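First, one chain by itself in structure tokens, the form predicted on its own.
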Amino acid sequence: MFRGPLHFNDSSRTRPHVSHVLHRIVASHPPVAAEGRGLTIRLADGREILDASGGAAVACIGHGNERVARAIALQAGRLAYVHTGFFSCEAAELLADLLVGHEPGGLARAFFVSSGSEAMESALKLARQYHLERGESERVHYVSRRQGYHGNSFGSLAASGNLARRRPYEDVLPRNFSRVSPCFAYHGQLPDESDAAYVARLAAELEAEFERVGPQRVIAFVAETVVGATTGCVAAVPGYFRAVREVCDRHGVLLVLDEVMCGMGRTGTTHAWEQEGIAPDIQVIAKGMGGGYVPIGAVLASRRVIESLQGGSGILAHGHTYQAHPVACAGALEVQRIIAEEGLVERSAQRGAYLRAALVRQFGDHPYVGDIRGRGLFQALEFVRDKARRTPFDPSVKLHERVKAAGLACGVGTYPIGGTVDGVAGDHTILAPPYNVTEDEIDRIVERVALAVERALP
């Protein structure tokens, strides 16, 4: 599988005695990943880990694809960088043609940046400019949902409902954001409430929030089509996004869908919104776009949004130094070509069904697994102390952290998060393997996850 050692500090088997990297946990020394091939990451100490979550649902075609590596190297050698105030580049033009040349759902232009957070920040600004170009300068407010996540920059974090990530910055975040309830049936739908009644209740809550703010002051409603890390692969009940679309349209509010984690084939269709019977005015994508080979994200804007700019100032009042970076665009273009040529979106749907069935067989009767949910190769397990009452473990147990540690010890990497229910309590873990994962690899993943869960439970 692996071609040979990658030398790290004069040895592929060791790491520096002192790390000068500012890690997420400041005092930690995380294991060094030396090489990746397919589903497997080899650590510098020789251990091998099945990357069952693609990091954070990123590695959609697996690790070590030589075709993508060649495309990146070729572009770097030919043209590494130009400033978009002066030039475009072939890679960006071709990538935009591939993504929106056929105008899916009316999306007509692509704006390329370096991350999902940058993409969401750009989308928020584009939505504001749309209304300014139409003479609606009084629109200054955004509405999003609790228990959602949209990025770590100030604007995108202000839109987010992830309490843990917001908490240190709460007093300095922009105040022109408010949140409504998520469509989270496992915890939010009443016992005798039908899907239609639940949708009607949530739509009425959104309408009421628009009225509270003043509908003429609302810029956009922002939501993840399938909620990712914060609650763990939560898809809306049928009809929810059609109802949301109607509320937005009634008040001239833009619908911004965040598919940074759930988009680009992850849920079994290129765009998760295709399964909802609606399309957004603005869409944000990132992780599955470049598959982890390059840092890249994008805003996809509808024709009507673009026409407002063309008919007004004619200028996009926003930009980044590294937007539409040639090397990043070339890498993402090759990833997307591979996905198309190998039918990997369809494979995601098929292998997703296999993964879901395997998880149900393994965990369906597990006393501490309350819910198995998701779409395509985007599945999650939610852990509960009391399955009948759907009661989470006490946050002090930090079960999600125990699952992560036990998983690595068992040779499998998943994406566990705490605060599933309300930002404080609740634990889940996400499985998001590459679209070209095999059934045998899925079986191995589920077997190791089962072992990790048993070891992690208190």
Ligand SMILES: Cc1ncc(COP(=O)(O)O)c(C=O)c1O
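As the structure is a prediction and not an experimental result, all values here were calculated from the model. Numbers follow the displayed sequence, beginning with 1.
Unshown form predicted together with the named molecule; subsequent notes refer to it.
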| item | value |
| --- | --- |
| Candidate from S115, Q189, Q350, S181 lying within 4.5 Å of the named molecule in the model of the complex - any heavy atom | S115 |
| 4.5 Å heavy atom contact, D281 to the named molecule in the model of the complex | no |
| Heavy atom of F383 within 4.5 Å of the named molecule in the model of the complex | no |
| Heavy atom of H150 within 4.5 Å of the named molecule in the model of the complex | yes |
| Exercise: A159 in contact with the named molecule in the model of the complex, heavy atom 4.5 Å | no |
| Candidate stretches 181-189, 252-260, 94-102, 134-142, one within 4.5 Å of the named molecule in the model of the complex by heavy atom | 252-260 |
| Residues in 268-302 close to the named molecule in the model of the complex, defined by a heavy atom within 4.5 Å, in order | K287 |
